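Before any questions on how it binds or moves, here is one chain, the form predicted alone, in structure tokens.
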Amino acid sequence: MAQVKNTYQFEDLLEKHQLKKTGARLRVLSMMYAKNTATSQPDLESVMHDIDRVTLYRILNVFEEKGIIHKVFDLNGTANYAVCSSGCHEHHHHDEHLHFNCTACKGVFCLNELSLPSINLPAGFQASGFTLYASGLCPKCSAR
């Protein structure tokens, strides 16, 4: 996950992606950057009571379109959102990294630091991206 940024950096990020700097967008960015796991819309709704569901959905959707966050699914098929790397941009994510689902705490972690092998597809296949998942216990849960 990305390191915590300050409000000015969030404003610059919105400006870079030609997005209006609203309090709701800045709060969502702050919340997402502060977490070390991917988060779902229901989780965000539970702590952001002053942002209604539709507004939050639209914020997440435009952030995903602009390459600020990417979508990753947990073991239950629930969409979670994680902060993108700086290599992502509008309509093209570089989120080809391992997504780890903890079976105990249900956290979804982006393991960007792992280098993944190249995948050689059979003739005629053209991949536009891929998703790699692993499940088990995160460090915090395995230490218990």
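Residue numbers run from 1 along the displayed sequence. Because the structure is a prediction, the values reported are computed rather than measured.
The same protein has a further form, the form predicted together with another copy of the chain, not shown here; the description that follows concerns it.
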Q.
Given that another copy of the chain is not shown alongside this chain, does F109 nevertheless sit within 4.5 Å of it in the predicted complex, heavy atom to heavy atom?
A. yes
Q. Contact between S142 and another copy of the chain in the predicted complex at 4.5 Å, heavy atoms?
A. yes
**Q.** Contact label in the predicted complex: C84 to another copy of the chain, heavy atom within 4.5 Å
**A.** no
Q: Answer yes if any heavy atom of G23 is within 4.5 Å of a heavy atom of another copy of the chain in the predicted complex; otherwise answer no.
A: no
**Q.** All of E15, A34 and V54 within 4.5 Å of another copy of the chain in the predicted complex, heavy atom check
**A.** no
Q | Sequence-ordered residues of 122-144 touching another copy of the chain in the predicted complex, heavy atom within 4.5 Å | A | P122, A123, G124, F125, Q126, A127, S128, G129, F130, T131, L132, Y133, A134, S135, G136, L137, C138, P139, S142
